[in-house]
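Take a look at this one chain, the form predicted alone, written out in structure tokens.
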């Protein structure tokens, strides 16, 4: 069994239990052991790094040090956490002077970044450790009638030179993994455009307008649901539809799922075990389509 240190970040444990439980159940069923390490902290996302780069990198590197001590690579669920940790890992491995300055900071906490481990998004684990063939073999639910609008968000793809996840202009990995489960990944207008999530709390009207555009475009394209990878994208598009009803007096009821939830359902995991009741927009229509 392949083992990874699971990095959950802040948002998923606090606000999205369905993301965590579906990912744990699905990855475990596919032979991936998830190890919880004590004392992991915030990933220090890009807004922190923009204030003080070395401090942000040191916070991210602290978490990587914990994985190095446990002799485990890291798997993340949140795309923002993936960006922060993978970017820090790449920058410190490539820049010895920066690594030395960060290690000087880390020494105050008794840590030293060695650069011996990798940071992976869970899609990379599915693609490289499980593989499309074994993934298909484990699918037990027929998703062929389901039309999915995929949305990976911004942080999984950029900065592409450091993350090296997919083609940032024409990404395909996420869509391929949706279709590996048997569902149809459909095209819709402005598919790669930001959902507005990171503008929440700063420019709420702009954030909601961007989210509305995403919902309108996926609805017009005939999607049965939107499937996301980012907890902020999920929040913006799921809760956002409640806000759209009160703000624009428009009701869409477009189900929004995490890919891990779609994966768990495809693997035949009982929906009652996936905490789907925490979704603001109910997913009954999706469950009915896949039986």
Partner chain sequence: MKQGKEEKTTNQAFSDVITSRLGGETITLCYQCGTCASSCPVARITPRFNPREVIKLSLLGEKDEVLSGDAIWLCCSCYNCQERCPQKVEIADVIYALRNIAVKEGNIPNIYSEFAAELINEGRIVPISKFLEKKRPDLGLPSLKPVGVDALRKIFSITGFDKIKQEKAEAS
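Computed from a prediction, not measured in an experiment: that's the story for all the values here. Numbering follows the first chain given and starts at 1.
As for the form predicted together with the partner chain, it is not shown, yet the points below apply to it.
Colleague: Look up in the model of the complex whether residue 247 has a non-hydrogen atom within 4.5 angstroms of the partner chain, and give yes or no.
Modeller: No, residue 247 stays farther than 4.5 Å from the partner chain in the model of the complex.
Colleague: I'd like to know whether residue 8 contacts the partner chain in the model of the complex, with contact meaning heavy atoms within 4.5 angstroms.
Modeller: Contact with the partner chain, yes.
Colleague: I'd like to check something about residue 145: if you look in the model of the complex, is any of its heavy atoms closer than or equal to 4.5 Å to a heavy atom of the partner chain?
Modeller: Residue 145: no, not in contact with the partner chain in the model of the complex.
Colleague: Residue 158 near the partner chain in the model of the complex, any heavy atom under 4.5 Å?
Modeller: Residue 158: yes, in contact with the partner chain in the model of the complex.
Colleague: Given the partner chain in the model of the complex, answer whether the residues 4, 243 and 271 all have a heavy atom inside 4.5 Å of it.
Modeller: The answer is no: none of the three residues contacts the partner (heavy atom, 4.5 Å cut-off).
Colleague: Of these, 73-81, 201-209, 117-125, 174-182, which stretch puts a heavy atom within 4.5 angstroms of the partner chain in the model of the complex?
Modeller: Among the listed stretches, the partner-contacting one is 201-209.
Colleague: Taking the partner chain as it sits in the model of the complex, which residues of 51-68 have a non-hydrogen atom within 4.5 Å of it? Please list them.
Modeller: Going through 51-68 in order - heavy atoms within 4.5 Å of the partner chain in the model of the complex - the hits are 51, 52, 53, 54, 55, 57, 58, 59, 62.
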